[in-house]
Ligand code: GLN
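Just one chain follows, in the form predicted alone, and it is written as structure tokens.
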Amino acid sequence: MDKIDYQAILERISEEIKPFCGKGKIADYIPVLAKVPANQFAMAITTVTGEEYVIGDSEVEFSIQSISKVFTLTLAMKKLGDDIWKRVNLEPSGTSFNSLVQLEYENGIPRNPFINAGAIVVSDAIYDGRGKTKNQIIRFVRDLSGNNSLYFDEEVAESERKFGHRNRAMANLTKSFGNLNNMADEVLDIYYHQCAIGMNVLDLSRSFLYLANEGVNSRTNERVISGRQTKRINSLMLTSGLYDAVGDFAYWVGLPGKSGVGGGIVAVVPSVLSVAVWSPELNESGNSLVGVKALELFTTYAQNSIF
């Protein structure tokens, strides 16, 4: 079988996505994100054998937002194993990522760990003191990416806190049902900071490589989680990773993936690679409009959808 020319594929995608630029909308409900220049695009591939390919604004750091939920879920599974599923369910939500209605109907048990309520419960599950937990999260992401300069963007975290009225409502509603063990404000501080991690696309593709490599960080050859847990997280990304647009993403792209309203999306081809894309303009579902199209083209040209 001929070796796939990933760089040529990235260059082709970079040209073909140009007509889609300008057709989305930057997330403006977090005011600091509204300042990000819209006309940016970057994409990166990291293979399990150590090859890397990039194109576009690949050195620009952006707020990963909900992509961070995969990292905290990994930490929760390392800490609690399957006990985490006593507090959060495993089903697609079918509603917006910040829905309060579903949370009340289901007695404070979030539908999955990738909607906001679910991620807040996961943050509570790994809580070991506010400062210690934040340090644990950033160290974990630095280890996965190999970039020790990764940071929490405090301006983004403060903007999240100041305008996070619905998240506060979700945290307090969850606590009223007895599914939040710690003070809501302290848990939310952890949640806001994890969403405010700044990375570029290459950092992001490197940091997800363990999910393409049966739970092993191929850069260090260290096991992050078990192969069984890796399968579980990939399954959840496939069914719940792109808010209420997971069906469209599975249909058009066909990979487990996770998105964030900062415009990033990362996906994995099991046993082969991880691929990250960033373009800040979003579609109606809150996913990067150009990013989704770029990943559709990627799996088409590389012929590496899981289906």
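Just so it is clear, the model here is predicted, and its values are computed rather than measured. All residue numbers are counted from 1 along the displayed sequence.
Missing here is the form predicted together with the ligand; even so, the following discussion is about that form.
Residue stretch of 271 to 279, 248 to 256, 44 to 52, 59 to 67 approaching the ligand in the predicted complex, non-hydrogen atom distance within 4.5 Å: It is 59 to 67 that comes within 4.5 Å of the partner.
4.5 Å heavy atom contact, V122 to the ligand in the predicted complex: Taking the distances in the predicted complex, the answer for V122 is no, it never comes within 4.5 Å of the ligand.
F208, heavy atom within 4.5 angstroms of the ligand in the predicted complex: No, F208 is distant from the partner.
Distance check, C195 to the ligand in the predicted complex, heavy atom within 4.5 Å: Contact check for C195: yes, within 4.5 Å of the ligand in the predicted complex.
The ligand contact at F71 in the predicted complex, heavy atom, 4.5 Å: No, F71 stays farther than 4.5 Å from the ligand in the predicted complex.
Interface residue in the predicted complex among N116, S145, N213, N179, criterion: non-hydrogen atom within 4.5 angstroms of the ligand: Only one listed residue qualifies here, and that residue is N116.
Members of 167 to 199 lying within 4.5 angstroms of the ligand, judged by heavy atom, in the predicted complex: The stretch touches the partner through N167, Y191, C195.
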